[in-house]
Ligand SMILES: NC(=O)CC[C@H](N)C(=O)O
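A lone chain, given as structure tokens: the form predicted alone.
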Amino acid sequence: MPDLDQTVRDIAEEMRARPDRGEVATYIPELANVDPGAFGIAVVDAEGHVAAAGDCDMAFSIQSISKVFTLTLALGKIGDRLWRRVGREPSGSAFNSIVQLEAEHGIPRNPFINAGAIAVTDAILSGHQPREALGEILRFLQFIAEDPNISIDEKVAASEQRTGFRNRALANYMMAFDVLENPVDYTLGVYFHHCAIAMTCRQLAMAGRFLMHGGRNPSTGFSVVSPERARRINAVMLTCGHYDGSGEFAYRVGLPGKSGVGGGILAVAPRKASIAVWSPGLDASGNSHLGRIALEMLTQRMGWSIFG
């Protein structure tokens, strides 16, 4: 078996030297200010060893990666009733498409496109005030990452609220079909803020460990979710975690993963590792360009694809 620490260091060096870095997201103004030359990677293996390199301790906006954790929370709250409000199929469309939502009568195709994540956020919000729901999401991330310092980047959240017109359209459309239960402004306020949570690669890899360990927190041994639910969350990540680039990611990397337009990717090698990479430049599908390449290198060198 290759040495994990050396492999991670080698990949970080190779990524730093590459001239093809993709384009940073500009439709959220705060994200446009991020250095496109940044690259970080962190891997937590099944024994708890952390291998990290590059800008692994620089916090970045996790954006849609937060949807993995809100999906986990919502399933814990209302169980499989959630699937009456959101589907589990790949979208094949842009992450903020309203055309698909209209064609499917307000039911989002999956919980990782924006409409689906707004519906999931609404499920968490029900019975709470927005501040309480947001606090629950943040505390959950701090708990599973074992780091109370994880916080929300308020500048990014404000930037999203100022420019989130398409998300407002999606939410209002779902409200017209009774998919949402709470006022649109409340649900979107929580949604914008959990997407603006800032984490480092090291923190994010730690937070993903329960999906690597069959739903258990490996530090405490306590169950975060059941093994069956962990498998199903991983399945949705594999098929839907990279929007209309999900098939390409599965083909190239061969692991469940979730990307965010902040340039981060969380990937899970079941029973082997939880992995986080960050490179702000995106490809045409809105996924980290170098992040995907780095993960492809890692899985090839370590032999970690779920497909053998």
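Not measured: the values here are computed from a predicted model. Heads up: residue numbers just count along the shown sequence, starting at 1.
Absent from the display: the form predicted in complex with this ligand. The rest refers to it.
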| query | finding |
| --- | --- |
| This ligand in the model of the complex: contacted by all of Gln63, Asn114 and Val261, heavy atom 4.5 Å | yes |
| Met199, Met174, Cys195, Ala123 - the one with a heavy atom within 4.5 Å of this ligand in the model of the complex | Cys195 |
| Listed residue (Ala59, Cys240, Ala38, Ile28) with a non-hydrogen atom within 4.5 angstroms of this ligand in the model of the complex | Ile28 |
| 4.5 Å heavy atom contact, Asn167 and this ligand in the model of the complex | yes |
| Contact test in the model of the complex: Phe95 vs this ligand, heavy atoms, 4.5 Å | yes |
| Which of 63-71, 267-275, 249-257, 47-55 lines the interface with this ligand in the model of the complex (heavy atom within 4.5 Å) | 63-71 |
